[in-house]
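In the block that follows, a single chain appears as structure tokens, in the form predicted alone.
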Amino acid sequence: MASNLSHSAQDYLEAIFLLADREGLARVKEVAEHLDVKKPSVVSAIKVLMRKGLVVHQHYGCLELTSEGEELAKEIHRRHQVLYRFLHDILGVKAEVAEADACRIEHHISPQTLELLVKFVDFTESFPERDKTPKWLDYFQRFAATGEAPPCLQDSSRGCGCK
């Protein structure tokens, strides 16, 4: 169903979900502030989401997701979080850039690619040394930042001790 919604509509659903989760409720004003848009834009988007049966809104009242809207918003948010974690925690992209990029990518990523990213992120987080970066990831992040190859690749006579 998410593919049937515009990127903008998906962003509105996710914003309502996040605000309701964090603040206990979502109103047009808060959604406008969260997305940095004007209130009339929110009202217009809410009307579309209401026609699709994803949002309930009493005039000047709170915005509520229907069960279908909540399910969809959770999936949109899950995609966003996985992408953010991959970009920020694994690749080392700055938080604000990772947030913006995750928002853009989440609308275009295929289910297959997303599921592999989920598995990859889960895999990297499953290492026993959770309190520190796994050695191989540390080597990658150093390589990405400096171009410096891991020690095992700098001296081929030593063999690879990066395992």
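Residues carry their position along the shown sequence, with the first being 1. On a predicted model such as this, the values are computed, not experimentally measured, just so you know.
Another form exists, predicted together with the DNA; not displayed. Remarks below refer to it.
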item	value
Proximity of H107 to the DNA in the predicted bound form, heavy atoms at 4.5 Å	no
Contact flag, T113 vs the DNA in the predicted bound form, heavy atom cut 4.5 Å	no
T66, heavy atom within 4.5 angstroms of the DNA in the predicted bound form	no
Any non-hydrogen atom of V28 within 4.5 angstroms of the DNA in the predicted bound form	yes
All of Q81, F86 and D122 with a heavy atom within 4.5 Å of the DNA in the predicted bound form	no
Partner-contacting position among C103, V43, L137, V56 - heavy atom within 4.5 Å of the DNA in the predicted bound form	V43
Heavy atom contact within 4.5 Å of the DNA in the predicted bound form, the stretch among 113-121, 94-102, 28-36, 66-74	28-36
Contacts with the DNA in the predicted bound form - residues in 69-84 whose heavy atoms fall within 4.5 Å	none
